[in-house]
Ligand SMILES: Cc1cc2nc3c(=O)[nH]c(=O)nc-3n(C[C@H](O)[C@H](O)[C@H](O)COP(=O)(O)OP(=O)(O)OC[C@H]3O[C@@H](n4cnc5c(N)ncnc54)[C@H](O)[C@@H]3O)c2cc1C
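Just the one chain here, laid out as structure tokens, in the form predicted alone.
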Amino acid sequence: MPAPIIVIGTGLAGYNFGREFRKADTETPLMYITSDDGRSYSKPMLSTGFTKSKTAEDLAMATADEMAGHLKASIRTMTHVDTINASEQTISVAGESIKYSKLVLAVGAKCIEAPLAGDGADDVYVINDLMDYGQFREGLAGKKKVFIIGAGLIGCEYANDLSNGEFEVEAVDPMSTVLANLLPEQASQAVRHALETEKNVKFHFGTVAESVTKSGDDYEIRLKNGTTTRADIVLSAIGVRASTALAEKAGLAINHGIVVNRELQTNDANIYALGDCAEVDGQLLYYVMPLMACARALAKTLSGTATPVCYGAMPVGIKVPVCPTQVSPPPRDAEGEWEVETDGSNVKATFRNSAGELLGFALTGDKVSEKMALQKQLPSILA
């Protein structure tokens, strides 16, 4: 029997690659190895669970066994890959050597840990997968107040979601407002105002959490500016970083993520990467749309038709229903300026270069209805 294509990871990237691959190839052996329980779910839904009254079980779309049947694959759950031997085309799992024909790294990203002092620091939750979400929901039983470290995309989504779940929410962020790295000032302020006035979220800006200390049945959180506050439970949501340790140990090229070309191939001809761990032709995008584009392209490539991935314009919807928000950030090195129209919480901000070409936009409130029209004017990220 030929060696299988081995996929490390069963998140959206790994499973969607398998779905696409099986459309073209129903016979090549396919094996998955995952460090979690292998349930199929949509990660973006983790920050809507309280709004929709969904438990972890509710958000799970299929078990590992069910996915194995759907994909005609074998799936090893709660299993860690120790090493990759690229020259031998093997991986090592608990002392067992497993041969692969091609290896697909879909290992995602790790939550960045907040550097915290205090005897409660180890009790701080992070949510990076369905199992984390389930543990967080269990920890919230009987609780009333949540403190969130971070007011970026994930922090704001959880602030909105938890307040919809009738929790009191307080948050801290070193920037001057919410979503400061994604939105121009006026759009950021619209989201902040809605969260503060309609959801009663309390923010601390321009400082960071320094310590989390146990105090009876709750926790005392001390901020760098000297402020102290209390909460029943603490959630860290300060961002993610591509998981690269396994690839780096194997001698693969690493930058901010695992470096791959437009065909998602690493510097080893038999190893590929996609999803949140993969830096594709210099682009590292932690969103669903590029992940899906990569899954389709890689499936074609590994089923026999070499297919470079293309990224069109890919606006991001931020799940803060209290103030609907869509953003397509301009490239980091883009020259131009923002033009902003505001009408209360309804903000339309467009970023144009000196030639008047649209390079990015941010929309809040009723202005999100203009997303499609603006998206058509944007250049492709990877044509």
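What you are looking at is a predicted structure, and each value in this text was computed from that prediction instead of being measured. The first residue of the sequence shown is number 1, and the count goes up from there.
Although it is not shown, the form predicted in complex with the named molecule is what the next lines describe.
Proximity of 161, 180 and 192 to the named molecule in the predicted bound form is absent: no residue of the three has a non-hydrogen atom within 4.5 angstroms.
In the predicted bound form, the named molecule sits within 4.5 Å of a heavy atom belonging to residue 157. The shortest heavy atom separation between residue 80 and the named molecule in the predicted bound form is within 4.5 Å. Although the partner is absent here, residue 66 is not a contact residue: none of its heavy atoms lies within 4.5 angstroms of the named molecule in the predicted bound form. The named molecule in the predicted bound form comes within 4.5 Å of no heavy atom belonging to residue 351. The candidate stretches are 337 to 345, 66 to 74, 45 to 53, 322 to 330, and the one lying within 4.5 Å of the named molecule in the predicted bound form by heavy atoms is 45 to 53. Residue-level contacts in the predicted bound form: of 365, 360, 18, 11, one residue has a heavy atom within 4.5 Å of the named molecule, and it is 11. A heavy atom within 4.5 Å of the named molecule in the predicted bound form is found for exactly one of 167, 287, 311, 205: 287. Residues of 76 to 115 that come within 4.5 Å of the named molecule in the predicted bound form, judged by any heavy atom, are 79, 80, 81, 106, 107, 108, 109 in sequence order.
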